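Listed next as structure tokens is one chain, alone, in the form predicted on its own.
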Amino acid sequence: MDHFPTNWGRPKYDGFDTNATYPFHDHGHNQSAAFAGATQHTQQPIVTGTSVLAIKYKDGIMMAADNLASYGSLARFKGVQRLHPIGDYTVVGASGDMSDFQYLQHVLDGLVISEEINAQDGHTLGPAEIHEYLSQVMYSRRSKMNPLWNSLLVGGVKDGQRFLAYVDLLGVTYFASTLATGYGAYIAQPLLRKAVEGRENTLTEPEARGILEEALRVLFYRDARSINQYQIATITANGVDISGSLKLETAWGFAEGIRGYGSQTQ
């Protein structure tokens, strides 16, 4: 059965659709080839990941991100790894468009092969070099009006030096001892600063993990694009370790007293 009323008989005056019955995919006769032959770029992210968190602690860098990739507001893919190891010293965490992040993973893996394996000159890429390269890639794509729709955190340890930095789709970069992307930049960042700043050289690994897990728990309560499955990456002088998918312990009992929730309406 044909469900489009316009195919049952057009309105008497073809220049104006009185009942707005034309379907979006075939809206009347004023279609033009305005974009035919033109280069078209991504106008907005489609499948996206939300917050990535990272902090410095006594022995290195710790990063965390959940495993959800949302298709619009649909929690579509629940096993996505958004923390990607680069070489022996670096982890890159991404929020934003996941297809653009997959492209960046391909580019970075090719860079490591080119610089470390093919060259065989004894030099290896550290987190500072990876971050500088990403900042140039992101700024170049932005300048071509074809940005990669991501916010990235780059963390690592090389030659005893901890490194943690941010770069976004505009090529903007900055460094800090606590960083967060996405909704976490508003909700989790104040919590991380309060817990970490001034203690970067004394925080132990269990304490750092507890801080990140608590921030992820708050984000799960408040961010509609988050999930309670997550991964944690630990980067130390011994190398990179990315955990498997873990699950947060959460409780919603506090919500019963919130006005507008459940039967509590007044």
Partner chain sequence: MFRNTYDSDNTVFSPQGRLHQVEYALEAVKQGSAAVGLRSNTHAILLALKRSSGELASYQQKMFRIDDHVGIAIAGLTSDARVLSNFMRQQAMGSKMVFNRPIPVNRLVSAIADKAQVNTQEYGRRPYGVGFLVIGLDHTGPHLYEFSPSGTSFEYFAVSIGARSQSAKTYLEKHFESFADCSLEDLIRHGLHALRETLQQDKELTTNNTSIGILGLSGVHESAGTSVNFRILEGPPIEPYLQSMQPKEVPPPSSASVPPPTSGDEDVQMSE
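Residue numbers count along the first chain shown, from 1. In this text the structure is predicted, and so the values were computed from the model without any measurement.
Beyond what is shown, the protein has a form predicted in complex with its partner chain; the following relates to that form.
Student: Is H123 near its partner chain? Define near as a heavy atom within 4.5 Å, in the model of the complex.
Tutor: Taking the distances in the model of the complex, the answer for H123 is yes, it comes within 4.5 Å of its partner chain.
Student: Taking heavy atoms and a 4.5 Å cut-off, does L111 contact its partner chain in the model of the complex?
Tutor: Output for L111 is yes: heavy atoms within 4.5 Å of its partner chain.
Student: Can you tell me whether D88 touches its partner chain? I mean in the model of the complex, with a 4.5 angstroms heavy atom cut-off.
Tutor: Answer no; every heavy atom of D88 is more than 4.5 Å from its partner chain in the model of the complex.
Student: Does its partner chain get within 4.5 angstroms of any non-hydrogen atom of Y133 in the model of the complex?
Tutor: Taking the distances in the model of the complex, the answer for Y133 is yes, it comes within 4.5 Å of its partner chain.
Student: Quick one: find which of 80 to 88, 133 to 141, 95 to 103, 67 to 75 has residues within 4.5 Å of its partner chain in the model of the complex by heavy atom distance.
Tutor: Checking each option against the 4.5 Å cut-off leaves 133 to 141.
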